[in-house]
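Presented as structure tokens, the chain that follows is alone, the form predicted on its own.
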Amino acid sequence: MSRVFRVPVAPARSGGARRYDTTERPSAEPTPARAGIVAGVLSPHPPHLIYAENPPQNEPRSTGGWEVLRWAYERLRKRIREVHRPDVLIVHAPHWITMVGHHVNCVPNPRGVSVEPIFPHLFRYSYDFRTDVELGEAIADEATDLGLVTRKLHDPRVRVDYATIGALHLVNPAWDIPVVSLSANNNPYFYSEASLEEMEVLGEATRRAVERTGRRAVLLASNSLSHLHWHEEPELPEDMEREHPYNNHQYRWDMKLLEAIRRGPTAPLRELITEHIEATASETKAGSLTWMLAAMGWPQVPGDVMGYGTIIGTGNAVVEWTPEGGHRG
């Protein structure tokens, strides 16, 4: 993987895009004491959860369903509002797929309709949000300087994918916090020797950019866990009688991963995430979870598993990590 989509680390650029180096230097405006990555969240994006909530932005209407996961998101929203108070939400999602390198959405005000291609009868969502362009460009510059092939997306015609929209809505349905969204390089799905190493580099770039720009950031890894799913749904999509794990093997592996998360620290997850991917076709193969934990420096604390549930058979968990390991709410 590294030899396909990484380039030699270049010297600092003169002119053009700004370089944020890591050497100490005087600053006219010191970074606030509490700036940095204040939390990271595993925030799965199944469209069913938004469908079940009936927000005004989503056209289809439902009778509810998947309450355990939706209640977990309600608790998470309260923590974000009352505890973390971020300046920005940074999301990495597996369905903004880029075949070459990593892209950062730097469009100031993305607007449009996002449609889930497999479940258009559940998810037709009108979005309108603000991008933290300065931070997005800083992440792209840091990633380039660390040797990743990176591009800044400035095309206002961009259509934002449903995984990005889903995670952002479920964490902040008011849409009043600026956003930076990152693409998922699809190389792992085509090269058997690929690893998650590159996502750790992207995480380091994200951390550097957040700290240099003085933001308070919450990171969102928009991944499900086990990802085998049913190919037919019931006549009523929210019929909870039909909802259960795809099979016991998938469920037990999800529990193995979540028990390790609950125990902490996160460093052993480096290997366990890879094992889980091989055992369950996990959506973490897109790298979002690895990116987030790497950006946080692989926290020495347990994750708070706020809820777990299945959606069309796939495993989904809402999990929060904080740098200090403190959880309130």
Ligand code: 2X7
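Owing to the predicted nature of the structure, the values given are computational and were not obtained by experimental measurement. Numbers for residues come from their place in the sequence shown, where the first is 1.
Quick note: we don't show the form predicted in complex with (3E)-3-iminooxepin-2(3H)-one (2X7), though the next part is all about it.
- Put simply, S224 is close to (3E)-3-iminooxepin-2(3H)-one (2X7) in the model of the complex: some heavy atom of it is within 4.5 Å.
- Residue contact check for D145: none of its heavy atoms lie within 4.5 Å of (3E)-3-iminooxepin-2(3H)-one (2X7) in the model of the complex.
- For D132, no non-hydrogen atom is located within 4.5 Å of (3E)-3-iminooxepin-2(3H)-one (2X7) in the model of the complex, even though that partner is not displayed.
- Contact check for Y127: no non-hydrogen atom falls within 4.5 Å of (3E)-3-iminooxepin-2(3H)-one (2X7) in the model of the complex.
- Proximity to (3E)-3-iminooxepin-2(3H)-one (2X7) in the model of the complex, taken as a non-hydrogen atom within 4.5 angstroms, holds for one residue of G40, G287, G303, P47, which is P47.
- Residues of just one listed stretch (254 to 262, 166 to 174, 71 to 79, 114 to 122) have heavy atoms within 4.5 Å of (3E)-3-iminooxepin-2(3H)-one (2X7) in the model of the complex: 114 to 122.
- The candidate spot formed by H103, E137 and M292 is out of contact with (3E)-3-iminooxepin-2(3H)-one (2X7) in the model of the complex: none of the three has a heavy atom within 4.5 Å.
- Scanning 303 to 322 for heavy atoms within 4.5 Å of (3E)-3-iminooxepin-2(3H)-one (2X7) in the model of the complex gives I311, I312, T314 in sequence order.
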